[in-house]
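Below you will find one chain, with nothing else, as structure tokens; this is the form predicted on its own, and questions on how it binds or moves follow later.
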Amino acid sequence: MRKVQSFSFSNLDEVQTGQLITRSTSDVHMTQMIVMMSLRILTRAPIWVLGATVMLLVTSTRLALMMAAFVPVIALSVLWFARTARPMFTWVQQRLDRLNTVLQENLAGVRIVKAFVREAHEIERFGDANRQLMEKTIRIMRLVAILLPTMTLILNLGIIGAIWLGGGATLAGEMTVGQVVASINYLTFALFPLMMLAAMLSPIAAADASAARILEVLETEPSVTAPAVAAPLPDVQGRIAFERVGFTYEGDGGEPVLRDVSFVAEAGETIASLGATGSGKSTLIHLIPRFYDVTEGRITLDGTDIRELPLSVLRSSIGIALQEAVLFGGTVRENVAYGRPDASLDEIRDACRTAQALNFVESLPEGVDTVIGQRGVTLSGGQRQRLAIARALLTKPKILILDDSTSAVDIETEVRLQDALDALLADAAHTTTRFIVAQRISTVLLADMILVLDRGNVVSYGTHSELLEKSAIYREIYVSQLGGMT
């Protein structure tokens, strides 16, 4: 869990949620179980084998040599099973990954499933993943079922050999009956731990596969790391500068998402970005809190490269509300105060008031102490977005990022929200820099600078009036949404 929390967005892009759930639960359980078994068995078994072997040598060297002939047979059998079973257990865990992923997606999107009457399809999809897991499990259990009887057969052959050799030696007067019986007991005691090991081979192989999957997570290096020596930043002002910034997502064939982006957002200014879907608007603002690191150029905060700042300092200076407003199971108070758990009730109410959420919050059965359910499912999309904005505002950030965070809010409420934000930032002496990503052009009309993006390039920038004159793309968006030129 600690390791996953250290991952950046690019790390999480490469692994599915279902895989992390399996590794955090089933794989950990497999590894834990074998450690508990080993503490008891693997510490006792070597002493048992050593003691029985010494006593067998003292009693009968001939029978001890016969036992030595069986050891390579057992060792080869164990080695073959281990080499065969380990990849099979890895396959089983991968199928369990798939099963958990299907289940997690289904539960998270259950409303979509029902809305499109796809219950039968999802049941079939889950059944298919379940059948694949079952087939792999049956295959490996068949292998496991062969191992223990094979080890028992080898042990019994050893006992038969001891009786045959010992009986012949007794008839020849070279051994007594008591020595033969004792030797058989010592032989059994010497080989029995190997039987125990054979019984453990299945969970050992499973734990080995699971441990490798756990180590794969633990050994993954976060793509975004804190600097070894952090630069001092005593008082954040909020000036952000993009200097010839380029960015490429890992694993997408090297196609740049942003190219040669340069602009300066002075402290207290409002910067908006517009563009078609896939133009790089959200990617641009995700680079500011270092959810991803730039692949070219640099971004500075108050003149310091953000890669030289402690992540905690950088991100604590930023408040962010995303289009997908993620809330946690708990009360309204706990969700709004997520970034500032020590915030007072008055501060929480003020943040909700600015975000135009106070009216509906007060109408809830228990007000701010109302439990809103997992992921805020009891609230509408617009209500969740307003609570997410309130959560960002409560931290009193120097940089506020609104990533299409009012897409589910009606126009009238959005206007009131923008007016409240303007009034709040005016009271804060223009020290909060705003970055707004929006689909509605009405949201960004009063921005100090509007960036027009197209396929990762800033094709034009300026104020609303300036862009109306010089940017054909901006004029097209403006006319299509507002229906005319004014």
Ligand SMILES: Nc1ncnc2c1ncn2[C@@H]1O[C@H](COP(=O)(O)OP(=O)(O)OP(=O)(O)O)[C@@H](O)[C@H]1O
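A quick note: this is a predicted structure, and the numbers were derived from the prediction, not measured. Residue numbers run from 1 along the displayed sequence.
Just so it is clear, the following notes concern the form predicted in complex with this ligand, a form of the same protein that is not shown.
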{"query": "Contact assignment for this ligand in the model of the complex, among Tyr186, Tyr292, Phe81, Phe242, heavy atom within 4.5 Å", "finding": "Tyr292"}
{"query": "Proximity to this ligand in the model of the complex, single hit among Thr395, Ser202, Ser279, Thr354 (heavy atom within 4.5 Å)", "finding": "Ser279"}
{"query": "Contact stretch among 211-219, 139-147, 269-277, 87-95 - heavy atom within 4.5 Å of this ligand in the model of the complex", "finding": "269-277"}
{"query": "Partner proximity in the model of the complex: Tyr249 to this ligand, non-hydrogen atom cutoff 4.5 Å", "finding": "yes"}
{"query": "Partner contact for Val257 in the model of the complex: this ligand, 4.5 angstroms, heavy atom", "finding": "yes"}
{"query": "Any non-hydrogen atom of Ser26 within 4.5 angstroms of this ligand in the model of the complex", "finding": "no"}
{"query": "Contact of Thr304 with this ligand in the model of the complex (heavy atom, 4.5 Å)", "finding": "no"}
{"query": "Stretch 322-347 - residues with a heavy atom within 4.5 Å of this ligand in the model of the complex", "finding": "Gln323"}
